[in-house]
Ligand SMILES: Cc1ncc(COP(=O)(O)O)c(C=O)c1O
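Next comes just one chain, in structure tokens: the form predicted alone.
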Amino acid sequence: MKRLNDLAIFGGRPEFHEPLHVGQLYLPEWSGIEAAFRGIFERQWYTNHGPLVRQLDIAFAKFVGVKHAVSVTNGTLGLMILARALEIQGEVIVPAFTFPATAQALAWGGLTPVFCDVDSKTHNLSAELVRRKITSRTRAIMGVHLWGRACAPDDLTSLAKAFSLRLIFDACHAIGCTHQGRRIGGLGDAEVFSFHATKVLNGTEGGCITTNDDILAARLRTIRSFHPSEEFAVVPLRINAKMSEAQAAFALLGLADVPRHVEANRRRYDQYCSRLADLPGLSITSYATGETNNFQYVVADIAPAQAGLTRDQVVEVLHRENVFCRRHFHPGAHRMPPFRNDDRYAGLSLPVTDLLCQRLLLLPNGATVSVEDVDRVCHLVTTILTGAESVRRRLEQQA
């Protein structure tokens, strides 16, 4: 195991020869892929709502316990389509502490994002914070189930009803996660999932919108395609966002493997928690007992005053070791284009979001990360923080 002077910033070799990433990258067994693709080639039905896409819609609706699932090209297009299908105009309250696609999809859908701060403990919207942002122009609330933790669905539902607002959720982190013992997917008016390769269930790319609203589901199915056989409702605009048969094949195969992948994630998550428990200035985000999480995110909070290093300094040292942890969601959606240059967002005060953007990092987890890899990452982090003063001086010399 490395000692302080063996770190790459002091001239040593990187701990990992190949980069170690955050993303899940779970793939089905090759035999399943081969059989599924043989069927696609035999049918010669590659896109335009083939049998595998229809099968996935049914299977995922059953998986999350809703009436309708509408599979699409990716999660971002799912958010865009949902924004259009709501048939509203005006403002939507959304957290600034989220992936930029969450807010930009609303803008693509002709709506105006209103950025809200998040709760310091949950990292999610709260009804109290959202209430302060509601005006006569507000038409909807979009919550994000960050790290797979349910975003105050009960309180936000009550708030939305009180003000006659639509309530939707970005559930891209929440595949297989639960709220009050039920899988996330049927909350609010609709929820959007991502089947990106970095998720615990993937179609290599892809996404899905889930809802119990028959009318909304009909609009969603029509908007996602120009295909003449897929007209379920009268809509003003349509887009090509249909999922391919190849994507559906991967997602269907992966659906059966979700419990196994979650258990593997949990083992690595527990190992991180155990190995890093006693380090001053570092804490790992916890998940509610009694609820199911997919554990695809190992979120570390670096408190610089106690750790002796900033989050960005820790990230720089780990990157030199080929440990490519991520700074989610630096610098915040409100500080990214196009919003940072928009006068409507000038002077926006979101202190918790800004603090989280400065302190949180994601540690590697998923199919490409072994138990031994976690041990090596934990040893690196321990070495860095126990030698914080020397590390800081070295980084300052190299700046």
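Worth saying up front: this structure is predicted, and the values here are computed from it rather than measured. So that there is no doubt, residue numbering starts at 1 and follows the sequence shown.
Below: the form predicted in complex with the ligand, not depicted.
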item: Option from 123-131, 151-159, 85-93, 196-204 whose residues, in the model of the complex, bring a heavy atom within 4.5 Å of the ligand; value: 196-204
item: Triplet 279, 306 and 390 all within 4.5 Å of the ligand in the model of the complex via a heavy atom; value: no
item: One residue of 217, 184, 314, 79 in contact with the ligand, assessed in the model of the complex (non-hydrogen atom, 4.5 angstroms); value: 79
item: Contacting member of 75, 176, 113, 188, with respect to the ligand in the model of the complex [4.5 Å, heavy atom]; value: 75
item: The ligand contact at residue 172 in the model of the complex, heavy atom, 4.5 Å; value: yes
item: Contact of residue 293 with the ligand in the model of the complex (heavy atom, 4.5 Å); value: no
item: Touches the ligand in the model of the complex: residue 101 (any heavy atom, 4.5 Å); value: yes
item: The ligand contact in the model of the complex: residue 144, any heavy atom under 4.5 Å; value: yes
